[in-house]
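Just so you know, structure 1 and structure 2 below are the same protein chain in two forms, each on its own as structure tokens.
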Structure 1
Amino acid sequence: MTNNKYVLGWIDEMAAMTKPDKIVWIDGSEEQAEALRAEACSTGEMIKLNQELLPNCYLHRTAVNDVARVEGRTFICTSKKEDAGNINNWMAPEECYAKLSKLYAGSMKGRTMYVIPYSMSIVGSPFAKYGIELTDSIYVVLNMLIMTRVGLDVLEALGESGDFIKGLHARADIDEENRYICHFPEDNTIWSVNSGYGGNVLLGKKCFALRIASYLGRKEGWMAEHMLILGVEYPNGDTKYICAAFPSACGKTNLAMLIPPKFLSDKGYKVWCVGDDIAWLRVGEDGRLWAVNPENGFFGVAPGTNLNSNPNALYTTMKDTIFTNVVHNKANNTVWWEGLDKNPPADAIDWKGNVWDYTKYNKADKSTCGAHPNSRFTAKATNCPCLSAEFNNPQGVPVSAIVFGGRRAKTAPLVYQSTSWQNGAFVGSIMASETTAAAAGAVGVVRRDPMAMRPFVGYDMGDYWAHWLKMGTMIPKAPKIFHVNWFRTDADGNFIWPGFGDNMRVLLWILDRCEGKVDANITPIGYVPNAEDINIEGLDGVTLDTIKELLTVDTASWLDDVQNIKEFYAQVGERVPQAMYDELAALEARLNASK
């Protein structure tokens, strides 16, 4: 397959440790993928779904203890603890290698080790970075074939070079107590053991394209961010691009694929999806910031996806898709999840593999769900009806606006604009959001999640903020920075803003601000729209007063937030840039002055 001595030497070493019976190179061919699907079905690892209704679609169930990212067991292993920072878990590299070597030892006996050469971004393009993942899981191979660009052309592009990310994954015993997701940014290495779930094991995704890539980006002068990329096409044919960073399960996939409200689509407005989870950003020769999506597919949240909320996602999953931890509808051999429609199947198996009685479903008790709240689909980008024509453009797309956002029942208004790049980076640093099922642990607890990157920065958080500030000085035509919140609730806990396709109304305000086409009110936190400037044409139950309510900046709750931010900054520690403290002090002073 290759004569690359770095590749071959490393595979020999890993095989000597894990002792697979066989080593199989993944070549990216359809024949090989089909044979692997058949093998996975023969062992029960996957279920082949109704090929008429869902061609080339499969269902997989993970172990019950293995359903989400495990942040508590994710480590950044830099030689100096300070370089991983206070927010990350740290282990000394030699200690971690020694500990995990014991878990890997002989773990592939009786199994096959698959060698997956893959590229993040287009093979041979200036943005591309290469990785090789070794895994003993066919499910991982089949997911990587969808999520990344896999094939022998990667080995060709790599040539004799040792510049690739070495990823090792072994399922071992799927033992939670010995589950580790470890990153060695100084060695371009990722080791994952005892999991078979998504972000823990598809090493090109969070481990490489965010944690390792953020480390490389800082060294090389670019950025790896937890951001969607979308294009808004105007009736005159112009397209403007927006990147948005929301924490896990907070609406990136939905926003990236939105369908504009009818009165706007009738006029010719369209939204195109470039990416739904990860953006790599570089300064272009023209002084603008350019974004590519390094992935080749979507690993999207299933529950809540339906023909109203996100029809584009639903269409994307109708062929060539792997569903993980959703309900199996036995009557017609299809799948179902909460929020798909109002007809839960009567003859059904839940995500745990047990018979599921939908009549026992109780919205308040997640344990009665048929699909796991973090159940997902793995689908090809090229099957997405609204995929941008620029998706395969190796240069990426020029970014007009960066949008941060969180899931906040109170405090954060529907939208506001920062006053400068520095102030915008500060707005990113103070992001907060209610936790979701995408990570193991409590759900619905507000925590600070800077730039939606808390779980994904491969180095010290303070250094990461300094990198953001430095990038601002390197982009002559920098994007404007905004913050949104689709999740404000009323006294009964209901969302006030309709969200989904109607978020287009907010995107248009954002782009108008970038073009200097609309005024705004300056408040202590930044520029807030005049309520009249958010178009509510055709919206049921939303009045000008609703918008006014959504845009209020409540000084008292912001001052409470400032206290919490101070504690968080102290926790991030001594590398928090002075400019961030200056911004925080200025925010506090403006809030006090407005009392």
Structure 2
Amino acid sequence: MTNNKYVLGWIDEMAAMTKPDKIVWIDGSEEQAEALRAEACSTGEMIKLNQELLPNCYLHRTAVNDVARVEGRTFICTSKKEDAGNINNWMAPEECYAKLSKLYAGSMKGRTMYVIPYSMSIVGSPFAKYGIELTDSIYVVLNMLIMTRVGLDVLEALGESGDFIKGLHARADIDEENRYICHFPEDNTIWSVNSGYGGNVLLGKKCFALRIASYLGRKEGWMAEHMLILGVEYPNGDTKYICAAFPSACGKTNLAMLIPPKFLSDKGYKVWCVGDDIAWLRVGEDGRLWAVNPENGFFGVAPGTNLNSNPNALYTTMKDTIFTNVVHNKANNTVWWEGLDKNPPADAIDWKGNVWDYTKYNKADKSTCGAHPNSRFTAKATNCPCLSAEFNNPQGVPVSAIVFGGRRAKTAPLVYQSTSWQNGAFVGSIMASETTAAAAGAVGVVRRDPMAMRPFVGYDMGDYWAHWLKMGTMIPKAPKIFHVNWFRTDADGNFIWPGFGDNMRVLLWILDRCEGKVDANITPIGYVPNAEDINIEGLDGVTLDTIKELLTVDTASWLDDVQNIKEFYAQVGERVPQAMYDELAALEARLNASK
């Protein structure tokens, strides 16, 4: 397959440790993929679904102790602990290699090692980075074929270079006490052992495309961000692009695949999805910031996805999809999950493989769910009805705006604009969401998730913020930076803003600000819209007074928030840039002056 001595030498070394019975190279062909699907079905690793209703779709179940990313078992292994930072778990590289080598030893005996050459972003593009994942899981192979660009052209593009990300995954015993997902950014290496769940074992995703890539981006002068990319097409055919970062449970995928309200679609407005999860950003020759989605598919949460919440995502899953940990509807050999519709199947197997009685389902008790709350679909981006025509553009798309968001009941207004790139980086650094009844623990607790990257930065968070500040000096025509909050509530705890497709009304104001088409009011936190500039045409129950309420800046709440931010900055540690403290002090002073 290749004569690259770096690739071959590394594979030999890993095979000597894991001792597979045989080694199979993945070439990206449909013929090989189909043979692997058949093999997985013959062993029970996957179940072939109804090929008339769900063509080329399959069901997989993970072990019951292996259903989500494990932040507590995820490590950044840098030679100096301070380079990993206080937010990450750290282990010395030598210690980690030694510990995990014992777990890998002989772990592939009786199994096949699959060699997956893959590219994050379009092969040969200025953004492209190459990786090779070694795994003993057909499930991983088939998911990587959907989520990344796999094939022999990757080996051709790599040539004789040793510049690739080395990923080793072994299921071993799926032992949660010895489960590790470890990143060695100084070695371009990722090791994952004792897991079979996608977020821990599809090493091109969060492991490479965010943790390792964020480290590379800092070193090489670009950015790897936990951001969706969408395009808003105007009736005249012009399309403007937005990158947006949201913590979990804030509607990120729904926004990425947004369907405009009818009054806007009737006028010719459209929204195109470039990516739903990760953006790599580089400064273009024209001085603008350009973005690509380095992935090739969607690894989405199934529960709650339906024809009302996200029809584009649902349509995307209707062929060529691997479903993980959802309900198996035996009556017609299809799948179901909570929130799909109001017709749970009577003849069903739950995500654990047990007979499921939907009449005993209790919404307040997650243990009664038929599908695991973190059950997933792995679907091809090319099957998405609203996929952007620029999805495979090797140059990416030019970014007009960067949007941060969170789930705040009172503090953040519906939308505001930062006053500068530095101030925008500060806004990103203080991103937060309040826990809801659906989350474990107390309701209303603020969790800081800077740039939605808290679990995904491959080095110290303070250094990451410093990189953001430095990038601001490197982009002559930098995007404007905004913050949104779809989740403001009234006195009874009800959401005031309708959300979903109507969020486009806010996106249009954001893009108007980028074009200098509308004014705004300066407040202690930044620029807030004139209520009249948020289009509420056709919105039932939403008046101009409603918008004014959504745009108020609650000074007392913000001053309380400042104290929480100070505590968080102290937790991040001594590498928090002085510019961030200056921004925080200036915010506090403006809030006190406005009382």
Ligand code: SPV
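Residue indices: 1-based, along structure 1. Between two forms, the rigid core is the largest collection of C-alphas that superpose within 1.5 Å. These numbers were taken from a predicted model, which means no experiment stands behind them.
- Shown as structure 1 is the form predicted together with this ligand, with the alternative form given as structure 2.
- In a rigid-core overlay of the protein, Asp266 has its C-alpha displaced by under 2 Å between structure 1 and structure 2.
- With the core held fixed, the Cα of Ser248 is displaced between structure 1 and structure 2 by 2 Å or more.
- When two forms of a protein are overlaid on their rigid core, residues whose CA moves 2 Å or more are considered shifted, and Arg488 is one of them between structure 1 and structure 2.
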